[in-house]
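Take a look at this single chain, the form predicted on its own, given in structure tokens.
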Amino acid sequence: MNGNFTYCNPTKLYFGKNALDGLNIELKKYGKNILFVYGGGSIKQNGIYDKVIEILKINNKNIFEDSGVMPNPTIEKLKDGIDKARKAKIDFILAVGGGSVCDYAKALSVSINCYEDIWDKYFIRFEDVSCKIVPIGCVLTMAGTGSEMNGGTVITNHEAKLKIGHVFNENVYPKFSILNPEFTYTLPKYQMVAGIYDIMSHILEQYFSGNDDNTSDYISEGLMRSLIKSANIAIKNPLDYEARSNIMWTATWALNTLIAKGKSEDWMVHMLGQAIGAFTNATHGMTLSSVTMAYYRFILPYGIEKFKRFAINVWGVNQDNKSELEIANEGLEKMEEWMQSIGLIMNISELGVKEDMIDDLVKSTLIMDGGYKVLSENDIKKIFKDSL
């Protein structure tokens, strides 16, 4: 392993069918005024809302609701939530939902006591928090983002045509997260599949960087093999607890910073996908899948050693009488076949992108420098065109 690093993850996890019991334990540690954050109301239909409300009442909390968090939380929604939280003098934020709800809650936590321009401070200048942070906890209803155990938040600004993430330090991490795989059962198949690919992409973004013998890469390969197997089972039987629990656990470890240690990181697939999301409001996981093959085929010549390893260790490609390039390409072919088999969107035109939008997409794409090649704007344009 190369480099020096510090590892800290302060989030406490409650996992399994009885995980919600942990909410009783944790709520006692925080103040009276709770902001209950959730999305479009599916938690009212599946019964999770009532269960959480009951626990909040048992613990004598004052409940203030902030509902309607959209799949790609906007700066307008964030400003509205800040106003609600300030008026209620919120002591604690409880996010119940998927990754977008958790992301939004973290953005709220660092903004309630901040009286600067939030978008400019956190998403343009990428400054650290300089105000008091309101603590948060998460009850997860979708596996995918890993937001339940990290400091990341992604906010969309439609006016600026930008969707930008800011990864905060561990002081912004959820204090606890509750992970009951059964809470993901009622998720529509499209959202489940999108979440599965978000997990895969998180691992790949960290895996495809560096060529040193790194323990993190061995962990990543195991996570990917587990995800592929469990995804294949869950597609056929969404109520398979073992498969759904493995997917949920893999999602957490894919982005809680563990497998990034000792490595550079790529994240260009996410930058490309987020640009698409800013223009189309498409589901995040599908924006990633739609550009994946074009991107990895473009950078394969610059990282052929790792792509060969990926083909052999993750996809079981036979090496006999094949060149490095043939092995690497076969690995990508197997990944593409798997992606198609589980129902992912494989091109950006299906998400509403037209060729005349590409120049604007290029301008909205942030360029990262941790992968095998730093892309030029012409490179990005080619990748988008190859993704149509």
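Numbering starts at 1 and runs along the sequence shown. The model shown is predicted, which means the values in this text are computed figures rather than measured ones.
In what follows, reference is made to the form predicted together with 5,6-dihydroxy-NADP (NZQ), a form of this protein that is not presented.
_Counting any heavy atom within 4.5 Å as contact, can you tell me which stretch out of 297-305, 229-237, 96-104, 115-123 lines 5,6-dihydroxy-NADP (NZQ) in the predicted bound form?_
Among the listed stretches, the partner-contacting one is 96-104.
*May I ask you to check whether G343 falls inside a 4.5 Å heavy atom distance of 5,6-dihydroxy-NADP (NZQ) in the predicted bound form?*
Output for G343 is no: heavy atoms all beyond 4.5 Å of 5,6-dihydroxy-NADP (NZQ).
*Could you confirm whether S216 comes within 4.5 Å of 5,6-dihydroxy-NADP (NZQ) in the predicted bound form, counting heavy atoms only?*
S216: no, not in contact with 5,6-dihydroxy-NADP (NZQ) in the predicted bound form.
*Answer with yes or no whether G40 is in contact with 5,6-dihydroxy-NADP (NZQ) in the predicted bound form, where contact means some heavy atom within 4.5 Å.*
G40: yes, in contact with 5,6-dihydroxy-NADP (NZQ) in the predicted bound form.
_Within 4.5 Å, heavy atoms only: does N150 come near 5,6-dihydroxy-NADP (NZQ) in the predicted bound form?_
It does: once 5,6-dihydroxy-NADP (NZQ) is placed as it appears in the predicted bound form, N150 has a heavy atom within 4.5 Å of it.
*5,6-dihydroxy-NADP (NZQ): the contacting residue among T252, Q274, S245, S209 in the predicted bound form [heavy atom, 4.5 Å]*: By the 4.5 Å criterion, the partner-contacting residue is Q274.
*Among the candidate residues M200, L108, M268, M142, which is the single one with a non-hydrogen atom no more than 4.5 Å from 5,6-dihydroxy-NADP (NZQ) in the predicted bound form?*
Filtering the options by heavy-atom distance leaves M142.
*Enumerate the residues of 53-83 that have a non-hydrogen atom within 4.5 Å of 5,6-dihydroxy-NADP (NZQ) in the predicted bound form, in sequence order, or give none.*
Read in sequence order, the residues that approach 5,6-dihydroxy-NADP (NZQ) (within 4.5 Å, in the predicted bound form) are V69, P71, N72, P73.
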